[in-house]
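The form predicted on its own is given below as one chain in structure tokens.
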Amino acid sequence: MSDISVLGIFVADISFSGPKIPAIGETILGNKYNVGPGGKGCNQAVAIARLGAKVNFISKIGKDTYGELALNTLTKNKINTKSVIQDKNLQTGVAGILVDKNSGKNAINVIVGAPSTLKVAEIDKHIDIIKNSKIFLTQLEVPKDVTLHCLKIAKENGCLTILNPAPASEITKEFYSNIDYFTPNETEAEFYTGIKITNEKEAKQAADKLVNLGIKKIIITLGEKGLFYSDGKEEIYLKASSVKAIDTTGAGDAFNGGLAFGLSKEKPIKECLELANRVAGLSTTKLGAGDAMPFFKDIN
């Protein structure tokens, strides 16, 4: 039995670091670029694997140069690739990332490529992988019918489910009843609740609204302001780890990976949140997404 299964996408992240993020119509001279592994699902799988859990990655890629980068990344990080579908007629996805080197903030355009064609029938060939996992983690980068199908199978088979609702988009009521942990950032939480979050009080209002939709546990990540957790009864507010951030790309993925890892080890929720917080903070101290995920030995 594997600890954790992650459904999501791989994209090659092509990041450009410069003195600022250019405005429309503006050209700037940057200082360095990096091509590395990305995509929320892949980043989360790498984060979990580097912490030491067994991970399956469920996805679809092309048979091309970036597809090779995907397989090499997964293999190198000891992630099970049996459920990665390769299609020679499709392109592996790419993300163009502009990073402000002073603040670490970014702007991203993702071309999903191959996984945008994922079908329930393709996933069903690998469905035992989900059934035999403790934890199932996913996002909103693959087609929603596939995501919902997998969440339902996971719940029916006693898995803990985590939905990281990114990028934020409309989901049906049926999603809510199949989610144990819902992990939006403040922008995504605003999308689902209509509440603009600038402080702990507003985070609490948004979390209450989400609990009322039927989701069991809400974790709103607040960037440099930390995080807010609520299950409708217990509430936990944690400040962010103090680190010198140079690139925040993938920090949310590092957080979700850390959370899934903590839950798979059956740690109390506060410990899971502290661990996830630390993993997220450390991931911002290196350039890139997948490659910036910390190892377990870096955590302490």
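Computed from a prediction, not measured in an experiment: that's the story for all the values here. Note that residue numbering follows the sequence shown and begins at 1.
Here the subject shifts to the form predicted together with adenosine-5'-diphosphate (ADP), a form of this protein not shown in this document.
Every member of the trio Gly223, Ala251 and Phe255 reaches adenosine-5'-diphosphate (ADP) in the predicted complex with some non-hydrogen atom inside 4.5 Å. At least one heavy atom of Asn185 is located within 4.5 Å of adenosine-5'-diphosphate (ADP) in the predicted complex. For the chain shown alone, Val243 is a contact residue for adenosine-5'-diphosphate (ADP) in the predicted complex, at least one non-hydrogen atom being within 4.5 angstroms. Within this chain, Val11 is remote from the site of adenosine-5'-diphosphate (ADP) in the predicted complex, having no heavy atom within 4.5 Å. In the predicted complex, adenosine-5'-diphosphate (ADP) sits beyond 4.5 Å of every heavy atom of Ser15. Looking at 192-200, 119-127, 92-100, 224-232, the stretch with residues near adenosine-5'-diphosphate (ADP) in the predicted complex, meaning non-hydrogen atoms within 4.5 angstroms, turns out to be 224-232. Along 268-287, residues Asn277, Ala280, Gly281, Thr284 each place a heavy atom within 4.5 Å of adenosine-5'-diphosphate (ADP) in the predicted complex.
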